[in-house]
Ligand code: PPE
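Presented below, as structure tokens, is a lone chain in the form predicted alone.
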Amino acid sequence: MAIDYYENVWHNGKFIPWEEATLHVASHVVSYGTCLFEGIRCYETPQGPAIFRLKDHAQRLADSCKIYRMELAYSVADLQQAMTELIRVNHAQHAYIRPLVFRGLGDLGVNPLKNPIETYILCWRWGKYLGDEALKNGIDVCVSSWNRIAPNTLPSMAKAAANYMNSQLIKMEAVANGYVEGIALDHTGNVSEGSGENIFVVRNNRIVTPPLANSVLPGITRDSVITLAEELGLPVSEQVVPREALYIADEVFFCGTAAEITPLRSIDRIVIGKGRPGPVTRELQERLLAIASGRAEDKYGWLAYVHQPVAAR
């Protein structure tokens, strides 16, 4: 399927056409996966296009680069401004934004330190990541045979392209077996996350999500869900989730920038709750999307409206 892309791409401080956003096959990133990236949604709102939690995504990208000793040429404020300008120059009303920082053409050995650092930001039109009906009806998923990366191997707190080789195995196995998505366990056999989503479990109106120590990416939407759950008076905690807790939950849902809040109606062919999105998932989903789409007050300052200048930080 062709990418419904916007024409302008930001590269090292300049806008270039999509077709020119290329790299050499000998670039370090091709052989060694030396890339850090983000996924960010820009929503169409009554007040114009608005990027959801822009500063937090830019900060996480900077944090990921620091973990991998990749010195960014741009500040968090610079990255925010670049993404805002990218939406402006493309006249986009809504978009999925993908900033990437990677090691380019230089030495071909494992040591990356002599290779130049390239920064790109592109954007395209993207609908519902897990299918048009996923948010409404829920999806069928499985527990993967592939575990998440173990501690002190690859840093799970960094959003690194290399980590997504693991995600691809989880996703492909799930799809090959007739599921929409897979849930990964960590090295101890406890629940970690989906191939590209954090996970929450609801039982007796109490919400639980695995802690970061279970090889979990510190998701921006995950943080948003925790904030909104507390606002709605729903107890939420970060604690270890054993696999079997998934099957006896009242509700289970994925969350992420791409997935937003997606209910799970079955896991390993075991029906979750009543086999349809539950009231807690629905309430959180509606609250999150109402804020993101500008239909509700943004009291947390999560939206960066593109027609307004980005504040200096």
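Since we're looking at a predicted model, the values are computed, not measured. Quick note: we count residues from 1 along the sequence shown, nothing fancier.
Omitted here: the form predicted in complex with the ligand. The next part is about that form.
- Of the listed positions (S144, N214, T84, T221), a single one reaches within 4.5 angstroms of the ligand by any non-hydrogen atom in the predicted complex, namely T221.
- In summary, among the residues P155, G104, G196, P112, the only one with a non-hydrogen atom within 4.5 Å of the ligand in the predicted complex is G196.
- Relative to the ligand in the predicted complex, residues H57, R98 and W126 are all within 4.5 Å by at least one heavy atom.
- In the predicted complex, at least one heavy atom of Y164 sits within 4.5 Å of the ligand.
- Using a 4.5 angstroms limit between non-hydrogen atoms, L246 is distant from the ligand in the predicted complex.
- Of the heavy atoms in A258, some are within 4.5 Å of the ligand in the predicted complex.
- Using a 4.5 Å cutoff between non-hydrogen atoms, G33 does not count as a contact of the ligand in the predicted complex.
- Residues with any non-hydrogen atom within 4.5 angstroms of the ligand in the predicted complex fall in just one of 72-80, 85-93, 197-205, 172-180: 197-205.
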